[in-house]
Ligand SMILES: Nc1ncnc2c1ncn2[C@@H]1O[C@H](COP(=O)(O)OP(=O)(O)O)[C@@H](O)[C@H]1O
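Shown next as structure tokens: one chain only, the form predicted on its own.
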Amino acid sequence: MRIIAIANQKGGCGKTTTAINLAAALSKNGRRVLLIDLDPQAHASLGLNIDSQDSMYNVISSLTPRKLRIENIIRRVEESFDMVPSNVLVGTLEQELADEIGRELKLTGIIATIASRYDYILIDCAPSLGILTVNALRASSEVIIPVETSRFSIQGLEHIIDIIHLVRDRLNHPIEYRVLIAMFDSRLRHSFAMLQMFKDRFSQLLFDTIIHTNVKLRESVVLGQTVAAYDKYSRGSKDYFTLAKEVLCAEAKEGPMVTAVPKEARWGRAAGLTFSETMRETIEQEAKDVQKLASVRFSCKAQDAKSVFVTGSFNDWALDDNCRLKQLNGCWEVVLPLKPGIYQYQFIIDGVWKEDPLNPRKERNSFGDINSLIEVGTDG
């Protein structure tokens, strides 16, 4: 069971949107998920159309006349997806807990009573660095920090990282964290400039997945639905399913093929792993496959375009500088090393996803889009 806090003291960074839709995407991948709304603004509760007079206030507070256990306030959102709602009274806990002994452990003890029921518990933190957020960090083993691509976000990211380190040191609680680029507008050159700045400063912390600005994400919140329930073919739904897959990949690193995996392995910073014989054979085979890589040229005619990328199943639909095409006389192209196989791909021209108009081999994907197909033979 994994407990993940979604935290950033800066508002407008996609924190609550990430908490809601990542929880939904994990549940649709067969995981039992609980989302705890620990934000007094109750945006996650409102975003899922859950209005309740009961909240974590009734569970944590010693002053409330309506004392409840956490299982009494859990609400079902979708199959395998439950939620603990919030309301404005949660904000009063900051003052109530200020002088209590062991105040940082309140949430940890509460979660322990229902932890066995779930595979994932996500905590949507308040946009502040108060006692509630410290409680969430102390209860979690992992933190996802959503950020938008702006200069102010870098400063806010540094502050939340400082708090995480403080929790590590003062409360003797190891906690790992990663950074999620959210609300990314690929139509703006400024977005790519800021993305590069984040890569330069926090490259080891960034998720490969990027959450793009998408109108369906905004519309789904208005209707009180997850984006997958509102429009499963939308770009927003696709982004959060990709993020869920990246989070789930950490489970494989804890599987039987690896006999010893430090907690840091989940976040890509493990050292000194002990591999089973099966894993060793897999690595040796991967090394052999490197020798079979073929140079494949992708080209696209888009004379007025400002940026062109190619992405596909060959790189798990990632968007990075390796798949950026270079312009020469109105024609964009890039050469990528690929192993033999059949791949789906699309071009991203100034932020718009398009199939290859010069490639007759196409296939409709599960999101309703058209992917182009390419087959790489053993002879390249």
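In case it trips you up, residue 1 is the first one in the sequence shown, and so on. Bear in mind that the values here come from a model prediction, so they are computed numbers and not experimental data.
Below, we refer to the form predicted together with the named molecule, which is not included among the displayed structures.
Student: Taking 4.5 angstroms as the heavy atom distance cut-off, pick the stretch from 178 to 186, 295 to 303, 115 to 123, 163 to 171 that is near the named molecule in the predicted bound form.
Tutor: Contact criterion met by 178 to 186 only.
Student: Out of 310, 145, 221, 93, which one falls within 4.5 Å of the named molecule in the predicted bound form, going by heavy atoms?
Tutor: Only one option qualifies, and that one is 221.
Student: Using a 4.5 Å heavy atom cut-off, which residue among 111, 217, 243, 137 comes into contact with the named molecule in the predicted bound form?
Tutor: That would be 217.
Student: Is residue 13 part of the interface with the named molecule in the predicted bound form - any heavy atom within 4.5 Å?
Tutor: Yes - in the predicted bound form, heavy atoms of residue 13 and the named molecule come within 4.5 Å of each other.
Student: At the 4.5 Å heavy atom threshold, is residue 17 in contact with the named molecule in the predicted bound form?
Tutor: Close contact exists here: in the predicted bound form, residue 17 approaches the named molecule to within 4.5 Å, heavy atoms only.
Student: For residue 211, is any heavy atom within 4.5 Å of the named molecule in the predicted bound form, or not?
Tutor: Residue 211: contacts the named molecule in the predicted bound form.
Student: Could you list the residues in 49 to 83 that come within 4.5 Å of the named molecule in the predicted bound form, counting only heavy atoms and keeping sequence order?
Tutor: Residues within 4.5 Å: none in this stretch.
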